[in-house]
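In structure tokens, the next block holds one chain alone, the form predicted on its own.
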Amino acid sequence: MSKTDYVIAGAGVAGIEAAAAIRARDPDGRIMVVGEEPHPFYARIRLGELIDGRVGVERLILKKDEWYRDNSIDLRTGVRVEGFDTKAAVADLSDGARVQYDRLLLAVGARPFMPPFPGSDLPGVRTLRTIDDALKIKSLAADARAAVVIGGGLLGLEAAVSLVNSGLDVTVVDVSRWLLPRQVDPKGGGVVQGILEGMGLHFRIDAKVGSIEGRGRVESVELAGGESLSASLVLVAAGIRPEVGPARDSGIEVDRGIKVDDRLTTSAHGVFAAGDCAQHRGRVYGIWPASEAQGRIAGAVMAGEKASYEGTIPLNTLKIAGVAVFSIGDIDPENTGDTETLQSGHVYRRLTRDEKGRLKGAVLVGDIKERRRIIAAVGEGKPYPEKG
């Protein structure tokens, strides 16, 4: 059995930020990062660019081999932590190795959610979470004419644009009343939809999938309202579910995610959690900025620093088919408070203020040059634009 000071389960943004934070504070500690995928840390938000061939796999890799070598980090790809004994402080790896640790970070991320549609197991029905997923979808798209994307969030829209770029006729189906419901308000979602329709995408909004049909492989998506959408490729982008299995099986307290306190510690001594698998103050964020911050703070605490995570203001800066979208804070999609909107063609701006006139949220579509000033105003609790 080998001995390692720090074991990090997960080679995504949370795990790598933690490894960097540990090394900055502990130059001599032994760090092992275990990643289930065969690829090292990469830009997951750019997976759509693999589908239509805009980039190759190497362009997505964010930390090259020399970074791990220069920082004396033992990276194990294609390996996962299958279980761990919190009393003995031992982790069992899928390659048969057993590793004793002083500190363990669970940054194991999340799994794509596949709703229980009849026919969801047909060949040609896919989810998108990894590089290998994207490469498989690219291969399937080469022989497809029409595709249906189930889900009108960021991942679904980016993938839909990539499939259109690949020459497919693409329809996006979403159960929500507007696109990007986590990032923008209904009017902002309508602006985005209009832009994407101009690029050739079709939409069925506020629509439910009844079943996926086909003889031997997928042939159509049947909507609950009776409409049939022809498809030889179906991409389900219906959200994610935190990976809590190994933690739960080891007796660590879980809910929707692995429960952590402000120091990112779990209910087990010496075990931490960060990223898409972690639940902090009842919330699972599922966004890159929160995973980045949690990983950085977890690493600092693991290395002995007094640090705490106070939460992340929801902030998204997106680019879908060249269309810039930005949102921050409370966007008040149901218009329950003080809001100000302005639209000119495909440029949209919405500001949300509290009862004292302080900016608490914003949505920008098409033109995001105000982004930095808005971030500062929301973070500092100031009016925007300032009077005078």
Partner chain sequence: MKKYECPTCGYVYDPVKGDPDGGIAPGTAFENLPDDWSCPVCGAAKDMFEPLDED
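What we label the rigid core is the largest C-alpha set whose atoms superpose within 1.5 Å from one form to the other. Positions refer to the first chain, counted from 1. These figures come from a predicted structure and were not determined experimentally.
The same protein also exists as the form predicted in complex with the partner chain; that form is not shown, yet it is the one meant from here on.
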Practice task
Answer for Arg23 alone: is it within 4.5 Å of the partner chain in the predicted bound form, judged on heavy atom distances?
Solution key: no
Exercise for the section: Classify Asp74 as contacting or not contacting the partner chain in the predicted bound form by the rule of any non-hydrogen atom within 4.5 angstroms, answering yes or no. Expected result: no
Exercise for the section: Would you please decide whether Asp133 lies within 4.5 angstroms of the partner chain in the predicted bound form, comparing each non-hydrogen atom pair? Expected result: no
Practice task
Consider Gly304 of the chain shown here, and say whether it contacts the partner chain in the predicted bound form, taking contact as heavy atoms within 4.5 Å.
Solution key: no
Fill in the blank from the handout: The one residue among His346, Arg69, Arg59, Arg358 placing a heavy atom within 4.5 Å of the partner chain in the predicted bound form is Arg59
Handout entry: Residue (of Phe117, Trp288, Tyr101, Phe203) lying close to the partner chain in the predicted bound form, criterion heavy atoms within 4.5 Å
Key = Trp288
Practice task
Name the stretch: of 335-343, 32-40, 45-53, 349-357, exactly one has residues whose heavy atoms fall within 4.5 Å of the partner chain in the predicted bound form.
Solution key: 45-53
Practice task
For the heavy atom contacts within 4.5 Å of the partner chain in the predicted bound form, list the residues of 359-381 involved, in sequence order.
Solution key: Ile368, Lys369, Arg371, Arg372
Problem - Phe326 C-alpha shift between this form and the one not shown of 2 Å or more, rigid core reference - result: yes
Practice task
Using a rigid core alignment, state whether the CA of Arg23 is displaced by 2 Å or more between this form and the one not shown.
Solution key: no
Handout entry: Rigid-core frame, C-alpha of Ala11, shift of 2 angstroms or more between this form and the one not shown
Key = no
